[in-house]
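Below you'll find only one chain, the form predicted on its own, shown as C-alpha cells.
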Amino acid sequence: MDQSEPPNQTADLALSERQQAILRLIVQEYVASGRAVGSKTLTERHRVGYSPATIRHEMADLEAAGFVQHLHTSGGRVPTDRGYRYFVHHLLGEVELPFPEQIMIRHQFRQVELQLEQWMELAATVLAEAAGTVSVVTAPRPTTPRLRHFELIALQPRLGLLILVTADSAVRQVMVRWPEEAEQAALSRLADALVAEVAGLSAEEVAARAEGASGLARFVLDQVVIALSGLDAAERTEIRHSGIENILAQPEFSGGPAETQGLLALLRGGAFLGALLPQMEAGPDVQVFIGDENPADELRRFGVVVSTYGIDGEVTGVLGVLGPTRMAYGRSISSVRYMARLMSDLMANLYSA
C-alpha cells in the first residue's frame, strides 16, 4: 500500500512469515487492549501453531530489529512506530469500509444535498464515529485563489487600504502606503479600471499583467499579487473537528483539562495543517504518519491518517483522523479513504450542476 508510506520512508528489513504473523498479532492485541502483549497471551487467545518458547524467541528478534519494545522489564512487548509502519505498509492490505456502512453514510449525506457547510460538519461527525478517534475536515478551497474584486480606500494622502475578495469569497484587507499622494476619487477610478482587466485571474496571471503597467497602477497590481499569494496560508483554512472525547478516553491522553486544551489548540489553529500540508504528496489516496514520522513535535504523540478530497486542479480540501499511535489503522484508513471519495463525488456533482 505505497500511498500510505510517508515521503522518504526507508525500506524495512525483511521479516520471516512467522515474524510477520507474530507482529500482526502483537499490533492487533495491543490496539484492542492497550496492554503489553506476551507469548502467553498469544498462545491462549490465538491458534498460532508455535510454542511459547518459539514466540518468545521471535519477539526477541523483533525487538532487536526495532519493531517492538518492552514497556517494563517483566512485561510483554508493544509495537514501536516502526512496527506500526511495517504493519500498515506490509500486513494490512487494501482495506475498505464495509458496504452496509458505506450505504448508511451516503444516505446521511443525501439529507443535506447541496449544503456545503453541512457537508463539513457531517463529514467530521461521521468520520469520528467510523474511525473511533478525532476527525479533522477542512473546507474545500480553490487550488489556485482567483481574484473576484478589490477596492482601494484612501485613509491619508499616501496611506490606504486594499480590500480584496477572491472567487470563493475569501476577503483580505491590507494596509498600503502609496508611492505618491492619491485622492479617493482617483483610487476608485483606478480600481474599477484594473478590476475589469484582472478579475478571475490568479496571482501569477495578475503578476504577468503588472509587467505592462507603470506608476500607481503597477504598484496596486503588485499589492494584489502579494495579497492573493498570502491566501494560501494554512492558518486561513476553515477547520471542523469532532470526536475529541474519543481520544481523551484513551490512557495515552488522560492528562485532564490541560490535555483537552492542548488538543483543542492543536486542532483549531493552523499548526496541524501547517505541519502536515508540506509533507503530503500529491494524489488522491490516504497517507499515514506515525509518531516520529510526523514533521512537528506536537504531532509526534499521534498517528495521523489523512487524504485530500475535491476536484483535481480546481478545488481541494483535507480530511483525516488523529489518535494515539495505538490506533486501529485498518479502520482509520478505510474510513478516511471512503469519506474522501464520497466528498470528492459530492464536490464534482456540485460543480457540474
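Only a predicted model underlies this, so the values are computations on that prediction, with no experimental measurement involved. Residue numbers run from 1 along the displayed sequence.
Although it is not shown, the form predicted in complex with the DNA is what the next lines describe.
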query: Stretch in contact in the predicted complex with the DNA, which is absent here, among 34-42, 304-312, 320-328, 291-299 (heavy atoms within 4.5 Å); finding: 34-42
query: Any non-hydrogen atom of R18 within 4.5 angstroms of the DNA in the predicted complex; finding: yes
query: Residue contact check: R110 to the DNA in the predicted complex, 4.5 Å heavy atom; finding: no
query: is_contact(H241, the DNA) in the predicted complex, heavy atom dist at most 4.5 Å; finding: no
query: The DNA contact at G76 in the predicted complex, heavy atom, 4.5 Å; finding: yes
query: Complete contact of L162, R177 and A193 with the DNA in the predicted complex (any heavy atom, 4.5 Å); finding: no
query: Residues in 120-151 close to the DNA in the predicted complex, defined by a heavy atom within 4.5 Å, in order; finding: none
